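What follows is a single chain, given as structure tokens, in the form predicted alone.
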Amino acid sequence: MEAPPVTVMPVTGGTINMMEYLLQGSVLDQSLESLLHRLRGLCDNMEPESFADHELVYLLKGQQGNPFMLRARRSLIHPKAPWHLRYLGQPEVGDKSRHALVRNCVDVAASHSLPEFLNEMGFRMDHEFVVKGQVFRKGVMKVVVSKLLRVLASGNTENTEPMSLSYLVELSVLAPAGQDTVSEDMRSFAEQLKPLVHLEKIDPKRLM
């Protein structure tokens, strides 16, 4: 059986092979409005973008080593918009001179047959969730404040519950490899958000 056709193209205005510089933190539900007020004052003078996405995490298990992971995401607000397929490389956390976690990031737009295509390629869905929030921008920096929701019945994005009593806060920059000076700008911006939220260079391996 042939895999269904899938259209894959670079995201408009993006570059295929980029590095993501990332700082993460969290804020309790009751402190959300204070953080949003601070971000409106610090970020570019434009309304934040609201979003609600459904993300599916796929794994391809090999004979040895860790499984290969891809993330497929679709918008619940704009159902006709393309899906997004994302690959995130292993984080480079050992360099103490960098103030942010750095990892390779490949993000492409794809057609709505993406889940079927991944299944035909041998990938299997490991888990799924819904994420809702707002995106703020400060120059090349992006701040995402989001609530992660557990999907209680597979595929049913209407049947969800919050995973925690807090919001995830992520400060990120996409840049070509070697642009480590952006991490200094990120650190300076993160300082202005204290004590509302403490954004840190978090190694995902520490959470496993």
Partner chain sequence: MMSGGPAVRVSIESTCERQVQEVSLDGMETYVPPLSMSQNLAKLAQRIDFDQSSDSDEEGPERENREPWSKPELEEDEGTVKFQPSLWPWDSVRNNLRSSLTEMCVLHDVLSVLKEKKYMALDPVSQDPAMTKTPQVFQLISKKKSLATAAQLLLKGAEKLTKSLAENQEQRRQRDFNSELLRLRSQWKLRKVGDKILGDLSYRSAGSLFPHHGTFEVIKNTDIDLDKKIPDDYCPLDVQIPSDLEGSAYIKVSIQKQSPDIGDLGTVNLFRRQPKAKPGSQMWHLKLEAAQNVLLCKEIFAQLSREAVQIKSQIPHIVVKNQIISQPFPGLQLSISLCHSTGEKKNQRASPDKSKPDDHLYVLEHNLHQLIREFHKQTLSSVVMPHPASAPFGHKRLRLAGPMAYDKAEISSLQQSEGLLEKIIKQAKHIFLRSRTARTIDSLASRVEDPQIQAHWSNINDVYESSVKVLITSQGYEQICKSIQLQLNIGVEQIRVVHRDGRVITLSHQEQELQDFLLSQMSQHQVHAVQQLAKVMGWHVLSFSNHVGLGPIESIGNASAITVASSNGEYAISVRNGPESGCKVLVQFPRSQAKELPRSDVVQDGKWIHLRGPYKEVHWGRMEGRNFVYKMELLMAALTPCP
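These figures come from a predicted structure and were not determined experimentally. Numbering follows the first chain given and starts at 1.
Omitted from view is the form predicted together with the partner chain, to which the following refers.
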Q90, R103 and D180 all contacting the partner chain in the model of the complex, non-hydrogen atom within 4.5 Å
no
Contact test in the model of the complex: A81 vs the partner chain, heavy atoms, 4.5 Å:
yes
Consider M125 of the chain shown here, and say whether it contacts the partner chain in the model of the complex, taking contact as heavy atoms within 4.5 Å.
no
Give a yes/no on whether A153 approaches the partner chain to within 4.5 Å in the model of the complex, heavy atoms considered.
no
Can any non-hydrogen atom of F51 be found within 4.5 angstroms of the partner chain in the model of the complex?
yes
Determine which one of 60-68, 161-169, 23-31, 140-148 lies within 4.5 Å of the partner chain in the model of the complex, judging by heavy atom distances; exactly one does.
140-148
Which of the residues spanning 31-50 lie within 4.5 Å of the partner chain in the model of the complex, based on heavy atoms?
G41, L42, D44, N45, M46, E49, S50
